[in-house]
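Only one chain is shown below, in structure tokens, and it's the form predicted alone.
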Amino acid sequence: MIELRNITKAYQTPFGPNVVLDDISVTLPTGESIGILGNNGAGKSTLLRVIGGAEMPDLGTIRTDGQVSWPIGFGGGFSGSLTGEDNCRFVARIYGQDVDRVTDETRAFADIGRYFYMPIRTYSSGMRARLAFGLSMAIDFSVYLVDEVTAVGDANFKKKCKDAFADRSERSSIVMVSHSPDTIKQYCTRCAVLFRGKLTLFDTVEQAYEKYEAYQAGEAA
């Protein structure tokens, strides 16, 4: 269970505050995978970072009854002065995991060669994402937070990511944000729609898609 209560998040712009999450109160059940549909710029990635604790809301609280991942592929929590290996060891200790196992599995999954033993600040954005994805897969979370835009690398690496998701979804829940209903249908059993800062949860992906299309039509009108 992920319970959001009165979650509000805004960013200052030259034109005033841009409220991307507007007093959201909703409970996302665990034991099933939840999709979140929304247009580009709707605040989906912000919502995921807030749920995962990578970014704090301006107002509101979040309660969970399990261990929730950071957004898959998000490397913002890495220390740039430490090597990839050192970052993996540090994170494994925080989550009470077997340090050597997590480090070895991340190194094999990320497949970034000798850069694994070099400071994070020398990485490209793609290498950081590969390391973050591999580290996420090496730790057993109750809920995995997934942003579709974090898919990086060549076709072989993307297939490896897809296979890893399929494996995790058999024993863990997923909260996935996307603007693609087809992606949501592939992984999720229920779906919510994020529109103008408000999040509405539906019983089925089909119901959410109908509402999403209605919002799209209204925006175009």
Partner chain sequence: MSSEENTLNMPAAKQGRVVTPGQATLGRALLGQYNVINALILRETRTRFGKHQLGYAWAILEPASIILTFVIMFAVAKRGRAGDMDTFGFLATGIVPYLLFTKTTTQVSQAINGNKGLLFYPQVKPLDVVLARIALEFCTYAAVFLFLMAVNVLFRQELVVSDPLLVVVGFSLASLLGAGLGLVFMGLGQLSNVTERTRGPLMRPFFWVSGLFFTAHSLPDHYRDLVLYNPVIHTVELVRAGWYSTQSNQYTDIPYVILWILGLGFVGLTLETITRRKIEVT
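This one's a predicted model, so the numbers in the text were calculated from it and none came from an experiment. Take the two forms, find the largest set of C-alpha atoms that superpose within 1.5 Å, and that set is the rigid core. Numbering follows the first chain given and starts at 1.
Keep in mind that the form predicted in complex with the partner chain is missing from the display, and what follows is about it.
Per the 4.5 Å heavy atom criterion, the partner chain in the predicted complex is contacted by stretch 61-69, the sole one of 26-34, 61-69, 181-189, 160-168.
Using a 4.5 Å cut-off to the partner chain in the predicted complex, each of Tyr11, Gly52 and Thr83 places a heavy atom inside that distance.
Mapping the unseen interface onto this chain, Ile94 counts among the residues with a heavy atom inside 4.5 Å of the partner chain in the predicted complex. A residue is said to contact a partner when one of its heavy atoms sits within 4.5 Å of a partner heavy atom; Thr122 fails this definition for the partner chain in the predicted complex, lying far away. The partner chain is not drawn, but in the predicted complex it has a heavy atom within 4.5 Å of Pro57. Not displayed here, the partner chain is approached by Gly77 to within 4.5 Å at the level of heavy atoms in the predicted complex.
For the stretch 177-196, the set of residues having any non-hydrogen atom within 4.5 angstroms of the partner chain in the predicted complex is empty.
Taking 2 Å as the criterion, Phe116 counts as shifted between this form and the one not shown: its C-alpha moves by at least this amount when the rigid core is aligned. The two forms, fitted on the rigid core, differ between this form and the one not shown by less than 2 Å at the CA of Ile139. Relative to the superposed core, Arg168 undergoes a Cα shift of 2 Å or more between this form and the one not shown. Annotation for the pair Met56/Arg128: C-alpha atoms recede from each other in the predicted complex, by 3 Å or more compared with this form.
In the predicted complex, the Cα-Cα separation between Met56 and Arg121 grows by 3 Å or more relative to the displayed conformation.
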